[in-house]
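A lone chain, given as structure tokens: the form predicted on its own.
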Amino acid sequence: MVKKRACIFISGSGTNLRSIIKSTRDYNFPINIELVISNKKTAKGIHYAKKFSIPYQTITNKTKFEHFALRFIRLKKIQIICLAGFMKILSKDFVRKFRGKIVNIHPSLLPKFKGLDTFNRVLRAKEKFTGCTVHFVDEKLDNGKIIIKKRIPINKDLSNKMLKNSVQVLEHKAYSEAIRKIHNLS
């Protein structure tokens, strides 16, 4: 199997990165992670890149982030970009350069609850279900073509943190499933 060369963009704890790394240990998983890029020097997820000997770059300059990221992506011949807890909106120009090759995970059942503060908004709306959505990135926020959704019922006594933890468990399964699904479609 010829695996696609992937880059993972992160900003935080890297739990989805860790999950994808575990999936890549399966010979039949369709990607190899060739690069991790973070826009935060303090992103805990960098630890996973180091632990698994994956090259990584930290680009904290907001105005030059995309310029430098593009340089590293080209150098590594990246074919797919996975946004995994990446808390920066990419420019329309950057997204157009990689149309159909940037994937994101969002902690809601899109199109509901786009953007930030998702868990508080879900709880305030008294939703019966929530979950996560893996989708292609387009020029609009949390808007691209949906690849996969996973859902769970919401217990009315859940706190924001408990809901977040439950959804993250789903995310760790959903992202790898979505990557396999994309590969099977191509």
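The structure presented is a predicted model; accordingly, all values stated were derived computationally and were not measured. A residue's number is simply how far along the shown sequence it sits, counting from 1.
Quick note: we don't show the form predicted together with a small molecule, though the next part is all about it.
Looking at E34, you'd find every heavy atom of it more than 4.5 angstroms from the small molecule in the predicted complex. The closest heavy atom approach of E66 to the small molecule in the predicted complex falls outside 4.5 Å. Taking the partner from elsewhere, M87 is found to have a heavy atom lying within 4.5 Å of the small molecule in the predicted complex. In the predicted complex, at least one heavy atom of I105 sits within 4.5 Å of a heavy atom of the small molecule.
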